[in-house]
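The chain below stands alone and is given in structure tokens; this is the form predicted alone.
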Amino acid sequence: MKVTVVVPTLNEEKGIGGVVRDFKNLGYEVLVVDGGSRDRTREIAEKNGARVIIQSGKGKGQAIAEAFSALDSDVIVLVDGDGSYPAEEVHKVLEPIEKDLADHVIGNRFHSYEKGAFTRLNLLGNKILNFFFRFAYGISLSDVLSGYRALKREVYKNVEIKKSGFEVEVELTVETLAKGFRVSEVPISYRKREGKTKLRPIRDGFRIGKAIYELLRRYSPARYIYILGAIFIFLGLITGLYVLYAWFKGITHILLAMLTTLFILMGVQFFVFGLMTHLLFRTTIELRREIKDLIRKR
């Protein structure tokens, strides 16, 4: 099984040498996709034995998409260039694929992380976003934002990467699930990064949360519609309670009562339409999965 380690980088001269060296010492091919670093990242990576290509666009997501197009290995391992993910634990993310138990494996950082690896804000943001993902998708995954992953060729050649920034981890997870591939998590260690982080917790956290909701349309359009329906019904309940309260005070709000009825009717219609969409979409997903299982067993 040919495995290539892909490392997207941007100004990672403090950590990239150790990352490349550690994976090369384990016998893996390393591809560094550099997003135009202004320091010695590319020079250090090449010196330690990595193949380096210059990213044509910007953003981590675009770098990963470019690597997917350039490679044809049996398995790709994604890892950050800041030294936060131990190379010696690569066997953990590869094992479920080697045993044919998964097509896409995510390393769960929350199993064991070094003091200082997360700031309090980052840890809180990660917990909130992961909870939101589990709530929205109904999938029991604990660390969808992890950058340590392994993907089989049939996965990385079929997923569509449209997000250019830090939302890419969520998009990879959703795309894998939406295409009917198997996803699993394994416990890994997480260390304090080398160098300065490029993550802006508030801005990037908002973008990731927005992506989690938007990507529902790819994985489960019904859930996307259900949430819209719930919003309209919630608005209807709020306005309805106000109309009822005013009526007990002897005040009649005819137009607001009509608006309340409209909100609730729209919400119910969204739920009915979502149910129909759910049945059609899940049938398609199950059919895809059964076809993949038949192909895998041949």
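Worth saying up front: this structure is predicted, and the values here are computed from it rather than measured. Residue positions are given as counts along the sequence shown, with the first one as 1.
Only in words, not in the display: the form predicted in complex with a small molecule, which the text now covers.
- Note that among 269 to 277, 227 to 235, 256 to 264, 33 to 41, the stretch whose heavy atoms approach the small molecule to within 4.5 Å in the predicted bound form is 33 to 41.
- 80 is the sole member of 185, 95, 154, 80 with a non-hydrogen atom within 4.5 Å of the small molecule in the predicted bound form.
- Although the partner is absent here, residue 193 is a contact residue: one of its heavy atoms lies within 4.5 angstroms of the small molecule in the predicted bound form.
- Using a 4.5 Å cutoff between non-hydrogen atoms, residue 67 does not count as a contact of the small molecule in the predicted bound form.
- Taking the partner from the other structure, the small molecule in the predicted bound form has no heavy atom within 4.5 Å of any heavy atom of residue 133.
- When the small molecule is considered in the predicted bound form, residue 63 lines it closely, a heavy atom lying within 4.5 Å.
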